[in-house]
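Each of two forms of one protein chain follows alone as structure tokens, named structure 1 and structure 2.
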Structure 1
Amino acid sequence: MNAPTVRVLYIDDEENNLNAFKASFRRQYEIYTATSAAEGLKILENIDVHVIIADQKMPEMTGVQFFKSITHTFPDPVRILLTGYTDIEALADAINHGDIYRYITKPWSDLELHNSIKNAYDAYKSKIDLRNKIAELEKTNDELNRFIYSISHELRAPLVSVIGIVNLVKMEDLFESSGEYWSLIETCSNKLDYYIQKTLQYYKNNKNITEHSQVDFRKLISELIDLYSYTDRETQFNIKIDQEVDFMGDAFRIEVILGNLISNAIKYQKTTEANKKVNIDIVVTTQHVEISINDNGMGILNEHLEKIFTQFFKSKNHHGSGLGLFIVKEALNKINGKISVISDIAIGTTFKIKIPNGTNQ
């Protein structure tokens, strides 16, 4: 097999060095030369170069300065610096910032320079291969997410019908007519519906698009409590909302965040607790909204507090998909929000959230 064509650009204001380089390497590489940084830039704009070699000491712009100037416009070519004197600070700064791959002292050794170009090209190929693999993985991941979303969406339609039939059975007082069968069907249906909803939330939250709209926290909290409290009507809610100013934000993600936290606050109440309660405090300012959701439920062990936002993490005492709090954290990351938690297994759990107000953006 033919060896790949390696395109090398060498920039040096001394033509003798350019000619010597051409004479030494013209059979091994496709070589382009320039006597100034400006001339080298024109070549880069027209030729897909793999390796750039530049002399450090040039009259208009040093090699390090040239490499820094093309970092964003031409990030792929691997850069080698030739220097006839030692400028430790400039070299260290360039290496630390990734502006150069390697430096070689002048006069160069043909073998050392040849090996450096070969290694630089290998680094270039690795960089491009990695980028292509990442793009391929992202495409595959997106296709998989779309497939999961489609399947989940299609599953939910017949599941809603099953839940509807169970509710009709309840309305006709036939729920107890077949022993525990209807109860088992209801439990399994609700659990499956919960997992499907979490899957749909996960997919929608993964999309990078954010849509800002006005959020009325009084209305939103009321709707979420009505939605989730059907599982435990004994839980009492104490709500304090101070919203005297408009709040603009990603309504979908805010609903997902609060919905998961309110659902958990209800779900993880102690079965022996006679006075189940959830306190929700919300203060909206022109800068942000601060939300506190506190419950007197079973609490979270200290050693688990750092893990609860990890995907699929579930402690022995907590049932669920292990996705809820992960989705909460991911949604907050998308809207530049923050979350903290304190918990005591004897007292309960408090989540505190801070989300920027988009009205001043």
Structure 2
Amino acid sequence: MNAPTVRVLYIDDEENNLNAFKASFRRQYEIYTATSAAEGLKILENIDVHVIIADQKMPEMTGVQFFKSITHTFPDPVRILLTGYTDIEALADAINHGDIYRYITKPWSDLELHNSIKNAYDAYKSKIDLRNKIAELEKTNDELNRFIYSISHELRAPLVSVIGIVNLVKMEDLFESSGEYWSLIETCSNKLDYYIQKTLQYYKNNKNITEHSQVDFRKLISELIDLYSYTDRETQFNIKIDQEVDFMGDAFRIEVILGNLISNAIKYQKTTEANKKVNIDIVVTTQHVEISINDNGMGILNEHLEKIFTQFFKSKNHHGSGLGLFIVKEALNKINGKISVISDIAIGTTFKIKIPNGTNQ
């Protein structure tokens, strides 16, 4: 493999130094020289340079001043400063402001300078490689997310047609006509729809944009209860909402979080319980909102408590997707919220959430 071409720009007002440098290194590097900062800048504008060596003591502009002046315009080339022994102040300034990779004293030793350029080039290359890798990963990630989104849409459209047909069968009183087949189709379709909806929620939560809008918890909670208690009319809700002040936050994520928790509270009831209950307590202050969702359902085993927020964790006996609480946790992470859980098989489960109020930001 051929050694890569390393392009070095050397700026020094003393032409003898430039010539000596060229004589020593012309075989190893592609060398560009300039006798002033202004001339160096011109070269930078036209040539993709990897390593810049600048002399500190130059009329008009010093090496450090030059490096400072290109911090934003040419951040990539790695910088080496050449200067005399005694110039401690220049050295401090260079390290603090010039983003200098190496400091080499004059007169240089060829070996030392050669090694420094080599190392500087490696540093340059890893910086660029890393940036390319990040860009590549972001692109892949983005494509994957878009794929998830579009496939979920495409899958959901025909599924919704199937659910529509089942509804039609009910309306025409044919639901019981083939034993339990129709009800099995309905159960499977609803389950599939649930998975697709969770996948979409996961996708949307993955996007980094956070929304900042007013949240009215009374309205939100009553909408969510209407939505999720649709299939279960037995559960009693006790709702206490204390919201005297405005709350600003990410309405979509808050809806996803509360929706998942309320739907879980309804879904994981004890079948034998006569008084199925869900208590929702919300207190909004100018600092944050504290939400507690408590049920007298089947509870969570102690040894499972640590795992419930991980992706695809599901308990053996219950039919979940293993996504609900994972999405809750991910969504809370994005909006700096916190969640804790207390559960007892005999008593039920309580989730407590705290989300900062965006009005004081």
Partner chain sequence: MAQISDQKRVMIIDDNEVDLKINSKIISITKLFDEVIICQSAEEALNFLQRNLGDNQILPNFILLDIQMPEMDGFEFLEHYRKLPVSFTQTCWIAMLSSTLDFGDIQKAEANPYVVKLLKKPLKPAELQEILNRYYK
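The model shown is predicted, which means the values in this text are computed figures rather than measured ones. Just so we're on the same page, residue numbers count up from 1 along structure 1's sequence. Superpose the two forms; the largest set of C-alphas matching within 1.5 Å is the rigid core.
Structure 2, not structure 1, is the form predicted together with the partner chain. When two forms of a protein are overlaid on their rigid core, residues whose CA moves 2 Å or more are considered shifted, and Pro77 is one of them between structure 1 and structure 2. Core-superposed comparison between structure 1 and structure 2: the Cα of Tyr10 travels 2 Å or more.
Put simply, the small part of the chain turns as a rigid block by 26° against the big part between structure 1 and structure 2, using C-alpha fits. Taking the core as the fixed frame between structure 1 and structure 2, we note the C-alpha of Lys127 moving 7.1 angstrom. In this core superposition, Val169 moves its Cα by 3.0 Å between structure 1 and structure 2.
For Ile104, the Cα deviation between structure 1 and structure 2 after core superposition amounts to 14.4 Å.
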